[in-house]
Ligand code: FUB
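Before any questions on binding or motion, here is one chain by itself as structure tokens, the form predicted on its own.
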Amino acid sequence: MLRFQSVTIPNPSPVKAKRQIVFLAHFAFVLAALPLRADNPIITDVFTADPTAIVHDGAVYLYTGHDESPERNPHYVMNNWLCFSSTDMARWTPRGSPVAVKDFAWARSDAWACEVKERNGKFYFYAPMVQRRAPGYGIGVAVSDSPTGPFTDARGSALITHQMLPSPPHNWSNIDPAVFIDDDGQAYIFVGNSKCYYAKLKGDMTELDGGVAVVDLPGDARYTEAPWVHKRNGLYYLSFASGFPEKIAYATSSSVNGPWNYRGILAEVAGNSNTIHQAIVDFKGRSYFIYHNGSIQPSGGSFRRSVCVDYLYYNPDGTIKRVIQTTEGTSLPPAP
């Protein structure tokens, strides 16, 4: 990454001044021709985790959790979410915190992995939080007229409660929402730790259309958490964190309702972090894999994570090439 030190130039003669202007103009031209740097992690002044992203009006909007864990005695401390935007996947502009746990009266704590979707000119924000008056986590939904918020609670209650899940294995089963809108306009929400669940959403994006069902994944998938659903060329992709420490694996199907065909590992364990959480977006003709690791030193780790971006590539048969996690990120030239 280029860094420049400021210098003081004494008042020059007219000839020297002209030469300096020509030099500075040439230097600016050279700088403009250099490739933009986007080294990983892409955000280094604050700890970020559990990324999700949308493309809207020529920009990518990135939403992350905000790790605030102390360096000593580390544990998950997450009170709000953060937003960033980019028009080139290289320079990221902070957009502040669009919403926090305190904005949901029914929730007590834990601003864990969120999801954002745009529909009919509005932006819907989904996130798990610990419920105040019932055991386990609830999935909240908030709405805004802008991708940068502020978002306000759309219901005053959880969209999905822990109690609505079929046979949840533990109190944190109802986390990591992922929302997918199919080509016919039907929206679905996927959630879950240890088991993956899904349900239909009504057109208003704030109510379920029916009950919650279990996603039937093959046993060798070793589903842990962090579902993400996308569609390409008629094929549905369900990626998710697998095992622990977590890798990202994926499955494919000809239907959003399955059956799902396990395809194997998509990304290896993230550096210096037990967890990894992915988002996949297409932007300006390229596909990107967004995730977190714990690589910022000396204080990064499993509870002080940082978001990264690398390229994602598909094979001719529709399978996905294994993601190579890099420190250069999108500063690397994309593969042909």
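Fair warning: this is a prediction, and the values are worked out from it, not measured in the lab. Start at 1 and count along the sequence shown; that's the residue number.
Here the subject shifts to the form predicted in complex with beta-L-arabinofuranose (FUB), a form of this protein not shown in this document.
(request) Name the residue from 178, 113, 215, 201 that puts a heavy atom within 4.5 Å of beta-L-arabinofuranose (FUB) in the model of the complex. (result) Selected option: 113.
(request) Quick one: from 78, 187, 251, 164, grab the residue that has a heavy atom within 4.5 Å of beta-L-arabinofuranose (FUB) in the model of the complex. (result) The residue in contact is 78.
(request) Have a look at 274-282, 52-60, 293-301, 306-314 and name the one stretch with heavy atoms inside 4.5 Å of beta-L-arabinofuranose (FUB) in the model of the complex. (result) Flagged stretch: 274-282.
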